[in-house]
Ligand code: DC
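The form predicted alone is given below as one chain in structure tokens.
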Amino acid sequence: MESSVPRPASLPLIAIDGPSGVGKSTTARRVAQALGWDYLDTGAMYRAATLALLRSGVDLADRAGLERVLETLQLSQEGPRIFLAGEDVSEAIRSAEVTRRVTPVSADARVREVLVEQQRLIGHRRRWVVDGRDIGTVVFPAACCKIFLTASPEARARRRHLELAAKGDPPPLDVVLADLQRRDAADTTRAVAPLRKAADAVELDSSGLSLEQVVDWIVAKHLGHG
């Protein structure tokens, strides 16, 4: 579907793409805070679409029903709050049922097509920092600054293991590493918008860097000091 949104030569938007477990969302939020910009939570938008499908009793196999839901889907974001047809669903989209269903929904080509269009409409209204796997390549190819944030699988696994340990009893480190490697393989080979570095993106390997160093580097790069 051809986007109805005009494509300016350069959009006031910072796109941060990269593999799972590299800390994209945390980094993007901190970069937005440092610049006084807004953080666009595209992951929450896919959760809101999943919630809309659940409320409608429609699953992905029902293509006609899916199309009906998508035709009336209205998403917006104000600050950190996500709205579905004007209703604040910021808490509802974090339910266990939405969490169980969001992965296949977010991988559906038609869902992605509709949500990318809505993300573009939102993205042209303010200055945003956005993270994902296809932000600089598919969603916002005109972003003024594109960062491909990466780290070694081992470094990402260690970080994820520490996060899980802080929440309780984590799986062994080698299990966390194997899971990340499986997700990397799936992300880079998926049929719709696979993970890849945009031709004009700048790559940052954060394996040996702190969060503060990563944020400072991206801010400096955006301001032309890096």
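Don't overthink the numbering: it's just position in the shown sequence, from 1. Remember, predicted model here, so these are calculated numbers, not experimental data.
Keep in mind that the form predicted together with the named molecule is not shown, yet the notes after this line are about it.
- Not displayed here, the named molecule is approached by residue 183 to within 4.5 Å at the level of heavy atoms in the predicted bound form.
- The closest heavy atom approach of residue 27 to the named molecule in the predicted bound form falls outside 4.5 Å.
- Taking the partner from the other structure, the named molecule in the predicted bound form has a heavy atom within 4.5 Å of a heavy atom of residue 190.
- In the predicted bound form, none of the heavy atoms of residue 75 sits within 4.5 Å of a heavy atom of the named molecule.
- Only one of 118, 90, 150, 106 comes within 4.5 Å of the named molecule in the predicted bound form through a heavy atom, and that residue is 106.
- Only one of 42-50, 162-170, 65-73, 196-204 places residue heavy atoms within 4.5 angstroms of the named molecule in the predicted bound form, namely 42-50.
- Shown without its partner, the chain has 132, 133, 134, 135 in segment 128-150 as residues with a non-hydrogen atom within 4.5 angstroms of the named molecule in the predicted bound form.
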